[in-house]
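Presented below, as structure tokens, is a lone chain in the form predicted on its own.
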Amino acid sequence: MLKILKSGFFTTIQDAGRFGFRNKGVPISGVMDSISVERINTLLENESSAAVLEITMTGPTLLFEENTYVCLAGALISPTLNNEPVENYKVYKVSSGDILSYGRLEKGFRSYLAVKGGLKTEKILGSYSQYVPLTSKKCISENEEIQYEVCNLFEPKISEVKMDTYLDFDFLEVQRGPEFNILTDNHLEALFSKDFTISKKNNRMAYQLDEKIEGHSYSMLTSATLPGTVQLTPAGKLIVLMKDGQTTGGYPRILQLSETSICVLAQKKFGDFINFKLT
């Protein structure tokens, strides 16, 4: 078992996501930064859909009650194992009684912890990802225990990889959305020449941007959306939907982020800047 001694700011269990239910209004959910998680699950030779901990801003303190192997990724939050510093994208053996804890946030916003074989929790509609009201809890809590398989011997084919650099990226690659053609020259000039600030209103559902562009009077029927869809409100506000975002919306879908850009944005926090690059 993995015992939660401290839960951190907002730590959830996530996997690749929940697919095939968007027609019923169920979002994909899943890890916000799929690049980081794909790499650590690969290093541990887990299935790509193995469940991990997604740690936002402030890390938890965790007690391992069984032997296993772990790997960390994503944001840099000064992690230590038994008070010794540990690095991202490197496989570590942990023993019963070992304690993993986190310190100061240095760069990025979301960190990940993968365990050999993945975390074993409640599976709803084919996914371990926590999403209320489907799952009973929206995040982990103090004194909770999470099951994982005991692993006493593991010889990874690759024990570490070079660290990501995209934590420093400030541009988001985007493609034209279904309503891109409603944009005027003024819209286009503003969209692709300005820096936009991440607002306080950012979470797993959506990121809002502080700066507005010119408004519009375009009306449309509620239509399908995806993680990474950029909506433009009549008042000129930009909203980027993320992994827990709604499945439909009535605002024009002017841009669509690539999967890589969703990962880049997932590592941004309030006050950080981004800009859009049309591909």
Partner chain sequence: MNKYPITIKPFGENAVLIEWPNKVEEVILDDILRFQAFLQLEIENDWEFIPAYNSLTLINLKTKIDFSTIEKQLLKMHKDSDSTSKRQNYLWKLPVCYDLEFGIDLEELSKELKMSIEELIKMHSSHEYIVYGIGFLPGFMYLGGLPKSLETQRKSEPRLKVEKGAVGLAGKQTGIYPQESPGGWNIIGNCPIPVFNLKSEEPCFVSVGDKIKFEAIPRAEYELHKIEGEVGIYTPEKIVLNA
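Values in this document were obtained by computation on a predicted structure and should not be read as measured data. Residue numbers count along the first chain shown, from 1.
Another form exists, predicted together with the partner chain; not displayed. Remarks below refer to it.
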Using heavy atoms only and a 4.5 Å cut-off, decide whether all three of Ile124, Thr225 and Thr247 touch the partner chain in the model of the complex.
yes
Arg253 versus the partner chain, in the model of the complex: is there a non-hydrogen atom within 4.5 Å?
yes
Using 4.5 Å between non-hydrogen atoms, is Ala235 touching the partner chain in the model of the complex?
no
4.5 angstroms heavy atom contact with the partner chain in the model of the complex for Asp98:
no
Would you check, heavy atoms only and a 4.5 Å threshold, whether Arg22 touches the partner chain in the model of the complex?
yes
Of 173-181, 151-159, 72-80, 89-97, which is the one stretch near the partner chain in the model of the complex, taking non-hydrogen atoms within 4.5 angstroms as near?
173-181
Could you spot which one of Val26, Met57, Leu43, Ile35 gets a heavy atom to within 4.5 Å of the partner chain in the model of the complex?
Val26
Find the only residue in Tyr128, Tyr131, Tyr112, Tyr102 having a heavy atom within 4.5 Å of the partner chain in the model of the complex.
Tyr131
